[in-house]
Each structure stands twice: as structure tokens, then as C-alpha cells.
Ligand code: NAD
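First comes one chain, alone, set out as C-alpha cells in the form predicted on its own.
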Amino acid sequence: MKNNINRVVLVGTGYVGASYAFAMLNQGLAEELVLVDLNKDKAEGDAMDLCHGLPFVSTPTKIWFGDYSDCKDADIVVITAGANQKPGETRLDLVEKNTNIFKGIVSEVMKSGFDGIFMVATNPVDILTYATWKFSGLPKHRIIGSGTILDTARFRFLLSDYFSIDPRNVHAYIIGEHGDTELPVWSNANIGLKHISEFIEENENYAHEDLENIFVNVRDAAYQIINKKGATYYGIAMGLARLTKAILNNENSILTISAHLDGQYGESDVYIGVPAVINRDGIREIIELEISEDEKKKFKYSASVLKDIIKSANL
């Protein structure tokens, strides 16, 4: 920390980046927020627009349009820049384009003398988080991908809607790739202190058959939203803000992010979505859940898909 002032540098002020900056300002999460983008007019315009809202916020924040030299004193660099997912395109289709973009971004950030935490949100997020680790040379616990933080939030919301329970009381996780091979951890899905299966068995209005449809809607949510409005950004922006808060406030909160595995869940040398304890140092530890044999098989397959992509991308 420099002078005990929290500085966050945002690289990429597209839909996700601008929404994240707006969430950061509204929640008063950092004293300094720097916007960096290849489109300098867009970044400068966003900075101006956000500054005009400062009289309405409770926490003083300094916001400006900057460049990579501002990363030197940053606690967190958040990367949302890159090519967007188009209708009919999977997240993994973006690998080559965004890996090349990231090589340039991470190189410029590191040239500044940056020694903080990277947060990656650009898709395919698990691959690009791995790439950021390789390109930066920083310790793996300081490279965090947004992973399945949004998928888990979608999962909890849809379950809360189905059971008519506050989503903050739904404790369930989506793990694996942030993409088509992700999986729900039904074996550890609880509402309050009661397993979801108990809720179903105790009420004739609920059925086990409905759970699979809920998961399908979680997995395919991005496709549905992209087809309707062209992009997803509000949900992931709020997820990134939540992750930022956990880091800057040294919370030791458990969030489902893309983390590097070293034997956990039987996998190594891959960044993938798992629950992890997040604090000021980044990833404190990975929470290894007791999952069913079927879930283990699905997770292994999800990891194998990511490893194949990493291999083909020569990372």
C-alpha cells in the first residue's frame, strides 16, 4: 500500500469495465480509481461522467483517465479489455484473439513496476487468468479470475426464486470452467442449514426434476442475455466489485473464483472456478469440497477441456 490509499486501475472501459467503475463509485470501495483504455476518448469521457456523480456519493473517490504508468502504485489491476463474445460464439472461441491482447496489456502493466493483485474478467476467463499468471511472473495467489462468481450468483438467484427464499440464504456453488462444462455442486447445496433435497421432500410444490432445468438456465444465461441485448455486464460488474471489496477490506471471504490448482480436486496446473478464501494477499487458500463421484467426473472433464486449450495456446 502506498500512503494507505487504495488504488485500483481498470484496464478496459467497455460495457463490463464501465459498469464495474460505476459499481465501485456507488459502493465507495477505493480512494483512487484509474481508467485505462485503448480508446482514450471513451476512457476520458467515462472518467468525466463518473466524476460528475461524486457530489452524490458518501465516500470521497479520486477518478481519472490514466495510462499504464499509474499501475505502479496500484493495489489491484482489473482487466476487462478484450474482444467480446458474439451471438453464437462460445467463450472458448475468443482464446487466440484475447490471449494476444493480454500479452500486450500485462507486459505494459508489469513495465510500470506493478506488484499488486491482478483481477481478470475477460473471457475465456480461466484461460486468460492462466495467461496473466504466465505473462506477469507474479505468484499465482495474486492472479485471480472472476471464475464462476457470476454463475454461482445466477445459481443462487434462480434457486431462491424457485424456493421463495432470500438469495443471501442460499448456499450453493457452480464450479469448473466459466462456460459450457461448468457444473452445479448439488451435494453441497443448502438453504440456510438444510439441504435442498430436504426442502423438496417436505413440499409437494417442489420436484427434483426441476433442478436440472434451473442449472441449464444458469449455464446458458449468458447466451440468453447476449441474444436479447448483445452483452452481459451488470451482474459480472457487481461480482467484480464484491471481489474487490473482499481484497481491499482483507475480509477472508469465500468466493468462487478462478484459482490455480496444485493438487486440489485431483488437478494441477490449471486455473478453474472453485471456492476460495480471498483477502488482502489475494487467494489465501482454496476450499476443497467433498463432492460426489459424478461431480468429480464432471469437474475432471471440465479441467481437461481447459488444459487442452492451454496446451493448444502454447501457454
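Quick note: we count residues from 1 along the sequence shown, nothing fancier. Here the structure is a predicted model, which is why all the values come from computation and not from measurement.
There is another form of this protein, the form predicted together with nicotinamide-adenine-dinucleotide, and it is not shown here; the text below is about that form.
Stretch 32 to 40 is the answer when you ask which of 55 to 63, 246 to 254, 32 to 40, 267 to 275 has residues with heavy atoms within 4.5 Å of nicotinamide-adenine-dinucleotide in the model of the complex.
Shown alone here, residue 216 lies farther than 4.5 Å from nicotinamide-adenine-dinucleotide in the model of the complex, counting heavy atoms only. Although the partner is absent here, residue 21 sits far enough away that none of its heavy atoms falls within 4.5 Å of nicotinamide-adenine-dinucleotide in the model of the complex.
Contact between residue 105 and nicotinamide-adenine-dinucleotide in the model of the complex is found at the 4.5 Å heavy atom cutoff. Remark: residue 101 counts among the residues lining nicotinamide-adenine-dinucleotide in the model of the complex, judged by a heavy atom distance of 4.5 Å or less. Against nicotinamide-adenine-dinucleotide in the model of the complex, the set 11, 15 and 232 is in full contact: each member has a heavy atom within 4.5 Å. For the residues 150, 117, 183, 159, the 4.5 Å heavy atom test against nicotinamide-adenine-dinucleotide in the model of the complex is passed only by 150. Only one of the listed residues (84, 136, 188, 112) places a non-hydrogen atom within 4.5 angstroms of nicotinamide-adenine-dinucleotide in the model of the complex, and that residue is 84. Heavy atoms closer than or equal to 4.5 Å to nicotinamide-adenine-dinucleotide in the model of the complex belong, across 109 to 127, to the residues 121, 122, 123, 125, ordered by sequence position.
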